[in-house]
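Only one chain is shown below, in C-alpha cells, and it's the form predicted alone.
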C-alpha cells in the first residue's frame, strides 16, 4: 500500500546514499535463476524453502531465495576480468516458502553491499562499519552487531576429521540454537572428548565483548592450531572496526556463532534491536563462492539488510517520519468545454515541477473543494469560462480559505512562491 511503500522507499534512499558514499555500483540480477546456482551452497534450510519449478524446456529453475549467489555468478562471468576490488550494491525482492509471521514473508526485499576481490580484514571492517552507519542514519540508537567467525569451529571440526558435509550439518544445528543436538552429533561422529568439551564450553560462553571474546578464544582454542589464523583474523577485524568509530557496546562476539548459509568462510555477523528477535541485517565472508561458479579464486565479503524487517522495526520504535503530503494543487474545470484547458494548465504546472491533478470525476465545485480539503490539497485552481477567456484562473488557498484571480502566465510563479 502507498504508506507501506513510502517506508520502504525511505530506507532504500538511505541505502542508495551509502552506495554513493562508499563507492558501491548498483546492479540487478534475474528473478528466475537456475536451480543449481542456489543448490550448491545455500544451505539445507534455504534449499528446503526455495520456490522450485520447471520452465517450458524442462529446466529446473528457482525464484531467487537470496542475492549473494547471483552476484557471485555475475562476477564469475561478466566481471571476471574487471579490476579489483569490486563494490557492488543491489536492492531486490527474494522468495522463500517460510511460514508467514511478523518480519517473515514469502516475498521479501533485501538491500546488499558486496565487496569483492580483497582478503584484507579492512574489507570485513568496512562491511561492519557500513552496517552500523545504516542503523545510525535510520535513527536506531539501540542495536547490537553480533559477530563471529566460522573458521574457529570449522578448524576444530576439520582437525577432528569431520567432512565438509558433516560440518555443514553441525553448523546448521548451531544456527538454530540446537546446541545439545549439535553436541550429540559430535559424539555420534566419535569426536574426541577434548573436542566435545571445547565445543560445549564455547556454547556456554555465549556473547562477549570483543576483548573478552579474543581472550577466551586464546585459552579455549590453544590446543587447535587450525583455529589460530581465524582467531587472529577476527581480532584484527574487531580492532579495525572499533578504530573506525563503531561503539564497542554495539559489538557482541560469540566464538560459536553460525549462520544458515554454507558458503561462509570467515567473519559472519547479524544485526539486532532489543524489541525484535529477528536479524535486521546479516552477512559475512565467502571466499570460495565465485570460484565455485567458474571464476578465478576471488575473496569476497558482504551483507544483506532486510528492508521489510527494518521498516517493521522502525515502525515499532516510532522512528519513521511521515513524508510531507504529495497532494498540492487540484485543477477544476467548471464547464465541460474547459476539460482540455484544465489538462493544459496542469501540464504547465508539471513542467515547472509543481504537483497538480485534474478533477476527473465530473463533480461540482463545492463537492470537489470538500474532497480536496479532506485529501490535503493546498490549492484549487478553478477554471471558469469568464476568467479563462481573460487569460486568468481563480486560485483558492484551501488552508486559509482565501482566493484570488491569477493570470495563467504567472500561475506557476504564484504557486511556487
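Residue numbers count along the first chain shown, from 1. All values reported here derive from a predicted model rather than from experimental measurement.
Another form, the form predicted together with a small molecule, is not on view; read the next lines as being about it.
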Query raised in the report: Which of 123 to 131, 92 to 100, 336 to 344, 321 to 329 has heavy atoms within 4.5 Å of the small molecule in the predicted bound form?
Result: 92 to 100
Query raised in the report: Looking at 261, 191, 135, 198, which is the one with a non-hydrogen atom within 4.5 Å of the small molecule in the predicted bound form?
Result: 261
Requested in this report: Only one of 306, 302, 230, 217 comes within 4.5 Å of the small molecule in the predicted bound form by heavy atoms, so just point that one out.
Outcome: 306
Query raised in the report: Is residue 171 close to the small molecule in the predicted bound form, meaning a heavy atom pair under 4.5 Å apart or at it?
Result: no
Query raised in the report: Might residue 108 be said to contact the small molecule in the predicted bound form, defining contact as any heavy atom within 4.5 Å?
Result: yes
Query raised in the report: Can any non-hydrogen atom of residue 295 be found within 4.5 angstroms of the small molecule in the predicted bound form?
Result: no
Query raised in the report: Does residue 282 reach the small molecule in the predicted bound form, with heavy atoms at most 4.5 Å apart?
Result: yes
